[in-house]
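To begin, one chain is listed below as structure tokens, in the form predicted alone.
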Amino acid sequence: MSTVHQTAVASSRTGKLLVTGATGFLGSAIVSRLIETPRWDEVLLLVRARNSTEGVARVIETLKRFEVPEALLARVQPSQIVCGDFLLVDAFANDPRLGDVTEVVNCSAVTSFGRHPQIRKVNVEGTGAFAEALMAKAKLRRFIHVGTAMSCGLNAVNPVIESDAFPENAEHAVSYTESKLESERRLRRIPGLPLVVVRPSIIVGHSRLGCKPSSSIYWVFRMGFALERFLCDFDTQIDVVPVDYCADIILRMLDASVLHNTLYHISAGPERSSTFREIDRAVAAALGREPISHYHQVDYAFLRAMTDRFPELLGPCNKKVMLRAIQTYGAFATLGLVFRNDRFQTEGFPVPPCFTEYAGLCALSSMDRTIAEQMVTDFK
């Protein structure tokens, strides 16, 4: 949508900010920023936990991955923990603290690219029920919902514009991306919800910490470089942003008195995306190896015929899982989609770093884990 979103956010806030998915990759990146600010005392965190003590422990565990100092970790208090799960919204919907919430950053989702049985229940039904429950008791000024740029589907025109007008029959490689588009549509049907949708492109690593907070998706590059073959051309562009950049943009959106749109890509865009060849050079420089000189674009059948060599090239692994990962991520990589980000640039937000600027950090911080170990998060 391109309508002006004139919801004002007061500079001296009196309400609470609720962050859902607070122990996920992006959610914990946002929390790691918030805990440094004066606003922290007004932050509530929705966490899947049996009680607030367990919730505090989970939050602290994830914040340690972002190297948050011990003195700041001590700021996480049981009173900030809302124990809840989008599968059981009714179980926490009557928490009286929710009535004080004026802003939401909704990061809760099943992000698996596998066949997770709860994708739709959480991402569509649970998200909708949560927003409706909040609207019934809170006076919301802004509800930022984290989607995915791949909501556009596999048949989108490249570069992908910022639009929610994708066809109902858009093709999707995985249930996750389809569910995120459906959840947006459900949220837009809630009367009065002050919705702002942000659609990150591919979130990989952290611009200062590499893959220490999470190795999600970086393993795809490791796999392609180890095989020296993949389904896409070596000069295919890939739109990657670091998690700390995404967190910073979302917090800027919270602070903005006026946002001029209700949907934004958080992406590298055509200007800041990198090719696989450029990424390989950055990784090679960090690891002290030569860049790949004999990369081959191949089809899935070719890689399937190579499965006997997977342990040699990729390390200990389940061959079937590796093939499924190649097929799934190869479907995205071959498209070479990049996502326009004109809207957040119009708001005056900073442009992202290129992946090549910190890909070496991702490589160095991944050396103690196998490719199979890095894949666990994405295929849970």
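Residue positions are given as counts along the sequence shown, with the first one as 1. Since the model is a prediction, treat every value here as computed from it, not as a measurement.
Keep in mind that the form predicted together with a small molecule is not shown, yet the notes after this line are about it.
Heavy atom of each of G114, Y300 and L323 within 4.5 Å of the small molecule in the model of the complex
No, the whole trio is out of contact, none within 4.5 Å by any heavy atom.
Contacting member of V82, I119, L231, I202, with respect to the small molecule in the model of the complex [4.5 Å, heavy atom]
Filtering the options by heavy-atom distance leaves I202.
Of V110, L227, I292, V196, which residue is found within 4.5 angstroms of the small molecule in the model of the complex when only non-hydrogen atoms are counted?
The residue from V110, L227, I292, V196 that makes the contact is V110.
Would A22 count as a contact of the small molecule in the model of the complex, using a 4.5 angstroms cut-off between non-hydrogen atoms?
A22: contacts the small molecule in the model of the complex.
So in the model of the complex, does K319 come within 4.5 Å of the small molecule, heavy atom to heavy atom?
Contact check for K319: no, nothing within 4.5 Å of the small molecule in the model of the complex.
Is W219 part of the interface with the small molecule in the model of the complex - any heavy atom within 4.5 Å?
It does not: once the small molecule is placed as it appears in the model of the complex, W219 has no heavy atom within 4.5 Å of it.
At the 4.5 Å heavy atom threshold, is P352 in contact with the small molecule in the model of the complex?
No - in the model of the complex, heavy atoms of P352 and the small molecule never come within 4.5 Å of each other.
Within 4.5 Å of the small molecule in the model of the complex, counting heavy atoms only, one of 141-149, 282-290, 219-227, 71-79 shows up; tell me which.
Comparing against the small molecule in the model of the complex, the contact stretch is 141-149.
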